[in-house]
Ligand code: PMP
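Just the one chain here, the form predicted alone, laid out as structure tokens.
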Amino acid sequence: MKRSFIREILEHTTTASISFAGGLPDSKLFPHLALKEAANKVLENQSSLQYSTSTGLTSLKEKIATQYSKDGFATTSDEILITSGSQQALDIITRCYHDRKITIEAPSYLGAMNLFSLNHLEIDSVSLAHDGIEIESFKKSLCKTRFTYLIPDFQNPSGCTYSQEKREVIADIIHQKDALLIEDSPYNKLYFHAPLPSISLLIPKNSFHLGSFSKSLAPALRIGWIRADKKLLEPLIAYKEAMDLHTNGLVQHILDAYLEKETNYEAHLEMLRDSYHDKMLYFTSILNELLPSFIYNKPKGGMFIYGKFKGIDTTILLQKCLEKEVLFVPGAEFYTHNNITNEIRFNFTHSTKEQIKKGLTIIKEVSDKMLS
């Protein structure tokens, strides 16, 4: 089993490094004091240290279900399964459907691709357009697989946002084929202008909608979930029980206490959206100034900028930039084949503005030498 390129590169990151590589939130924006207050409150009760249920803390599931319902996607707590991050959610689902083929985007999330391979799913990749997956190719692929994994909101790695029209067409195709959708949505709260309704809302009996607090609160919490029809969730519970009995109960209690004050989370999300939008605009302004030949589309939310150079092998570019302690991810890592040589994913949320300017300056200097 091949290790994740991104996890490996993070292990080589030092305090002197400038990293645009991992999907890291800005650690200075974590709600540290509010979470500390919630933790102190929870630890006053010894029962918070006891075993919990496999499906998750009921009151936390209710809060997540309430958020779905407020967003227009009617949901009850028994349609939520708490997991150890959305990565475990993916693992549970693909173990349950291990004998299937699956349609994914190209490029796609590396962690999902690794899991699909590990769980012996045969992958069929379909290219992304600027507004979502290419429909005719998607339709042909789904006829063969009847199972698909999509990231419609600020896609990882491309930053692409599916249009409302494509969401509706995709939902209709999945419904007609009686197929299943895994809709991965860890970035959906990180929009810069306005959110779009999920595809799952249109086909609730044919979808698993995955969410996480890793990007919107703090990755170390490792709290994610699956939102699905009860009939779809039922067979997954046995896999969850066998894996870990239950997700970290103490952290569930802490998060539940934090979410008791609804204004905590809403204010935090507004602050994140403003900060990340500002960072994205700064990053793209420096890109335009220093690397005008880099072709990309501005993301409408999320954490990534994705694009391509002309005439530069970005894997070689990374090797040379590593010598100067600047990191990013070559686009080849996000495809099932590795014949894409000129694409890059940049994370813009983790670095300071000073680091962004310095890091992109180094990339310009190195790329100029490669072209000379």
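So that there is no doubt, residue numbering starts at 1 and follows the sequence shown. Bear in mind that the values here come from a model prediction, so they are computed numbers and not experimental data.
The form predicted together with the named molecule is left out here; the points below concern that form.
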property	result
Listed residue (Q87, S198, T103, T161) with a non-hydrogen atom within 4.5 angstroms of the named molecule in the predicted complex	Q87
Of S207, S212, T94, Q252, the one that lies within 4.5 Å of the named molecule in the predicted complex (heavy atoms)	S212
4.5 Å heavy atom contact, R273 and the named molecule in the predicted complex	no
4.5 Å heavy atom contact, P186 and the named molecule in the predicted complex	yes
4.5 Å heavy atom contact, R222 to the named molecule in the predicted complex	yes
T148: touches the named molecule in the predicted complex, heavy atom cutoff 4.5 angstroms	no
One stretch from 178 to 186, 132 to 140, 239 to 247, 265 to 273 that, in the predicted complex, holds residues within 4.5 Å of the named molecule by heavy atom	178 to 186
